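The chain below stands alone and is given as structure tokens, in the form predicted on its own.
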Amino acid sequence: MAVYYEKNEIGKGITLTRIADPKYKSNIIRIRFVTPINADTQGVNALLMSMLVTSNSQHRSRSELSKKFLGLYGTSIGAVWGNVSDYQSVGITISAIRDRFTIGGEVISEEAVTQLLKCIFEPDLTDGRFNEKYFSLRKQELLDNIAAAVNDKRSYAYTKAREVIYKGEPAAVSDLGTAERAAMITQEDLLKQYDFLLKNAVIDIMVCGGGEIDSAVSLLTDAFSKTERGDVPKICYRRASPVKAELCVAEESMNIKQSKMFMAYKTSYEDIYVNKVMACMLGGSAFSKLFMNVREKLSVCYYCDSYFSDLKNVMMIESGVDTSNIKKARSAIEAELDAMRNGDFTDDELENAKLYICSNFVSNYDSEWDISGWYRVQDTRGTAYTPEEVCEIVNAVTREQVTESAKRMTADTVFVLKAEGGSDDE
């Protein structure tokens, strides 16, 4: 499937990527600010994005701005944030129907981008302060989001496991920081970070969808190319996490019914697609070894999945188990990985994993959101492969490579969020 892809630098540390396929009925524009993770500013940056999408200098209330975007054929705007390897990525996204599908071909893309740019470059400020009402509301939303992460036990367990796995690395810091820091965020913090991101963050602009949006893209290019810039960090997303000197086993008790176990393996094997095939065969599908043997045959866990994080060179095995079965589950999981190391798998298992992976890759063409996410991931690897090109790489993976990948996986961390009884809210 042909998709137009182009990436250009339009300013110091500012790139604009365009992805187009005429089958899509809308366009999305995503502007991300990327900086090294800093525990002190994680929540500040996320709160700032929430403030910027609430109002701007022209539409100074949430209802006014929402009404404006609704009048543009239901154009939507939202804030995004999250960690990518050792970096925090925060930003704003809008989604708008293509001009050719409006009544009479009305051009709405230019006005949608104009409002987006106002949110970024002309925020709702009075005497150097953001709207106090929205500041209080959005700050409470941030605190609620942090609290909600604790209520989702599987997500909370992953966050705690990550702290242990990546101890001493930026990746150990949670996406939104701590509730204690969030509660102390001030107006001055927001304004300071606003200036910092515009001047010092890597700015990644992506326009993806059906295309035919040249005039709106010109507005983006003109606005960001004139932005005053300072020192901008060089981003290198792929930073392998060092293997600990000895296996780290840690646990935390919680009043839940089902224990959550995370087993992290780190590797020096550099071929990310071989590692992904191996992880898929081990526990990445319903026909994987962990699913068929550990979950179904032995019945020692409720779920048991494995996946490979290529940016940190870490394979994670995640399972939900009864506390009484933790040791059994861990031993059974280790036995299946040993089987992979010994080449104890069939050619059919290898081919089924390849088919499964490639099917998922090609499905990224299903929507503009999916294909934009595909190329965002490609960008973190310094590549711009199409799904078909990656499928060719995956299909060329051999038994010997898979076995070598498994052999190079070194046990690094076992973290258990241990159940102490009670109910699980999953």
Partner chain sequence: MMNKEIIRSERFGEQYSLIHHPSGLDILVWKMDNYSTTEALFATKYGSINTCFRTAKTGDFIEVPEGIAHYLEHKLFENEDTDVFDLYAATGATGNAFTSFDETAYTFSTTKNWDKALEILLDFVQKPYFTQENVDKEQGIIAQEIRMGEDSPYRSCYFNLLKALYKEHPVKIDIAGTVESIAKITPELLYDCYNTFYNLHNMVLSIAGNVDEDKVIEICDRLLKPAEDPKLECRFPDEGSGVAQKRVTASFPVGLPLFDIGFKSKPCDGIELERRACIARTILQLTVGTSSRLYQQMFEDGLINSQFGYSTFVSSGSYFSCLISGESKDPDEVYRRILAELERVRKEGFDKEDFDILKRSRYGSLVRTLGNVEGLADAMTESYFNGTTAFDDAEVLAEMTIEDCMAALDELFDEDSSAISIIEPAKA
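As the structure is a prediction and not an experimental result, all values here were calculated from the model. Numbering follows the first chain given and starts at 1.
Beyond the structure shown, there is the form predicted together with the partner chain, which is absent from this document and is the topic of what follows.
Proximity of residue 302 to the partner chain in the predicted complex falls within the 4.5 Å heavy atom cutoff. In the predicted complex, at least one heavy atom of residue 97 sits within 4.5 Å of a heavy atom of the partner chain. Heavy atoms of residue 23 reach within 4.5 Å of the partner chain in the predicted complex, making it an interface residue. In the predicted complex, the partner chain sits beyond 4.5 Å of every heavy atom of residue 195.
Listed residues 172, 235, 326, 256 were compared with the partner chain in the predicted complex; 256 is the one with a heavy atom within 4.5 Å. Scanning 346, 151, 126, 268 against the partner chain in the predicted complex with a 4.5 Å heavy atom cut-off leaves one residue, 151.
Between 182 to 190, 336 to 344, 306 to 314, 285 to 293, the stretch whose residues reach within 4.5 angstroms of the partner chain in the predicted complex through a non-hydrogen atom is 285 to 293. If you check the partner chain in the predicted complex, you find a heavy atom from every one of 70, 133 and 363 within 4.5 Å. Counting a residue when any of its non-hydrogen atoms is within 4.5 Å of the partner chain in the predicted complex, the hits in 32 to 69 run 54, 61, 62, 63, 66, 67.
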